[in-house]
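A single chain, nothing else alongside it, follows as structure tokens in the form predicted on its own.
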């Protein structure tokens, strides 16, 4: 089984950091991973989409995903680039403040999360993506929370190390804000089926 995910938002929201943290956490957990980024023409304010595929066995996914079964939505802007590529019944973890602006959510399993508010409570409004990372990890079991924290910390550059603690609090708060394994992925049984 492969878990495929779009992470959608605006440049500057940490979309690529969320994707890379999830991918590195999955590698730490012994999974096979593919990571790709799609960017708009702006450094900040343009479209930013990360794609992550995780599997227990070598992956069969294409480098650029034509479709996926889950998404994290941090902004409704540019959502059409992702929403039209979701399979029916996909899990969509959405920032609560933009969830009403996402079209066709009746086709999917929508989980709303006040990620920006939670991140602000944890000391850094800019850590909303980390809240979503923790929530997604907890909802699906795709990666361990400790692996997500370690993966995030290893890629923060030296001049931003002061943000690691707030990012960790945000990841853990996101995980605590959702029902654990409500949309669990069972990589282990899928790996046994292949063996």
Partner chain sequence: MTMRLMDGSEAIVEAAIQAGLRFYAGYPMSPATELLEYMAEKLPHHEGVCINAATEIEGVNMALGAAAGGFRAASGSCGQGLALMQEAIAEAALNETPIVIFNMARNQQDYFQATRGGGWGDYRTITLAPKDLHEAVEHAQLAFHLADKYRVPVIFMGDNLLARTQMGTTLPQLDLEPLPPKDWQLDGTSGGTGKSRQIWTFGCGKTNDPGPGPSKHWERIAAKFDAIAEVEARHEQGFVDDAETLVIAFGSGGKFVEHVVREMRADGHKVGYFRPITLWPFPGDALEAASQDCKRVLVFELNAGQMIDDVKLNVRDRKLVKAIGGVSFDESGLNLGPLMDATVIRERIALAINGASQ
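Given the structure is predicted, the values throughout are model-derived calculations rather than measurements. Residue numbers count along the first chain shown, from 1.
Keep in mind that the form predicted together with its partner chain is missing from the display, and what follows is about it.
A.B. asks: Can you pick out, from 34, 145, 156, 166, the residue that has a heavy atom within 4.5 Å of its partner chain in the predicted complex?
C.D. replies: The residue in contact is 34.
A.B. asks: Using heavy atoms only and a 4.5 Å cut-off, determine which of 178, 10, 173, 24 is in contact with its partner chain in the predicted complex.
C.D. replies: Answer to the contact question: 24.
A.B. asks: If we take heavy atoms and a 4.5 Å cut-off, which stretch out of 145-153, 158-166, 132-140, 59-67 is in contact with its partner chain in the predicted complex?
C.D. replies: Single hit among the candidates: 59-67.
A.B. asks: Using a 4.5 Å cut-off on any heavy atom, which residues of 89-124 would contact its partner chain in the predicted complex?
C.D. replies: Nothing in this stretch is in contact.
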